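As structure tokens, one chain now follows by itself in the form predicted on its own.
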Amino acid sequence: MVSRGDGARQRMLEAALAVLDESGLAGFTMEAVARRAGASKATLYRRWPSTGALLVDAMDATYRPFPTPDTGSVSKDVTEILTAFVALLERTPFPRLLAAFIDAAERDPALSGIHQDLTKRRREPMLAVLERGRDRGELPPDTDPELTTDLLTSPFFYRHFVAHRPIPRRMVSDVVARVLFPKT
């Protein structure tokens, strides 16, 4: 059962993301969020001391890290994570929200540290899958999970955020094959 307080908090978090999505960072104010949520600014300030804190909480509560799969195959596990990531990029407002969040983190040192923490937590499932694959001998012993995570996810970020091109259906399997099992 959801408490009345939890329901109000969720309504405010959803309102925050809606305001950010519709108005961007420039229009992301406590007043706009309060109006959208049907709450007072004082109610928001009781829970969040700043728009930055509200933004972080809204992003963190709505876009949780992906589960860490364990199918017994590093290739299948990585494919599962990347497929979920592509769906997030293509079927949710997450990309627009992330862009605004990154912009805010560039301007606010406190948000920058929080952004780094959120990013670290969202990388953990992929890192765990790659470490497990390395430990099982599916990947070379010198595999660097941090670098490999960058190599696996960067093509999707680039394609979506920089090139503004659709992500082809085979791109996940192609990236997994070329990064995890390059032909020499």
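What you see is a predicted model; the values in this text were computed from it and never measured. Just count from 1 along the sequence shown to find any residue number. By rigid core we mean the largest C-alpha set that fits within 1.5 Å across both forms.
Although not depicted, the form predicted together with a further copy of the same chain is the subject of the following passage.
- Listed residues R123, R47, R134, K41 were compared with a further copy of the same chain in the model of the complex; R123 is the one with a heavy atom within 4.5 Å.
- Taking A128, A53, L151, A61 one by one, only a single residue has any non-hydrogen atom within 4.5 Å of a further copy of the same chain in the model of the complex, and it is L151.
- Within 4.5 Å of some heavy atom of a further copy of the same chain in the model of the complex lies at least one heavy atom of P155.
- Taking non-hydrogen atoms only, R36 never approaches a further copy of the same chain to within 4.5 angstroms in the model of the complex.
- In the model of the complex, A105 approaches a further copy of the same chain with a heavy atom inside 4.5 Å.
- At the 4.5 Å threshold, heavy atoms of A99 reach a further copy of the same chain in the model of the complex.
- Note on the interface: of 53-61, 28-36, 66-74, 115-123, the segment with non-hydrogen atoms within 4.5 angstroms of a further copy of the same chain in the model of the complex is 115-123.
- Along 38-63, not one residue places a heavy atom within 4.5 Å of a further copy of the same chain in the model of the complex.
- Relative to the superposed core, A110 shifts its CA atom by 2 Å or more between the shown form and the other one.
- For A84, a C-alpha deviation below 2 angstroms is recorded between the shown form and the other one after rigid-core alignment.
- Once the rigid core is used as the reference frame, the Cα position of V74 differs between the shown form and the other one by less than 2 Å.
- Closer approach of the C-alpha atoms of L111 and A26, by 3 angstroms or more, is seen in the model of the complex than in the present form.
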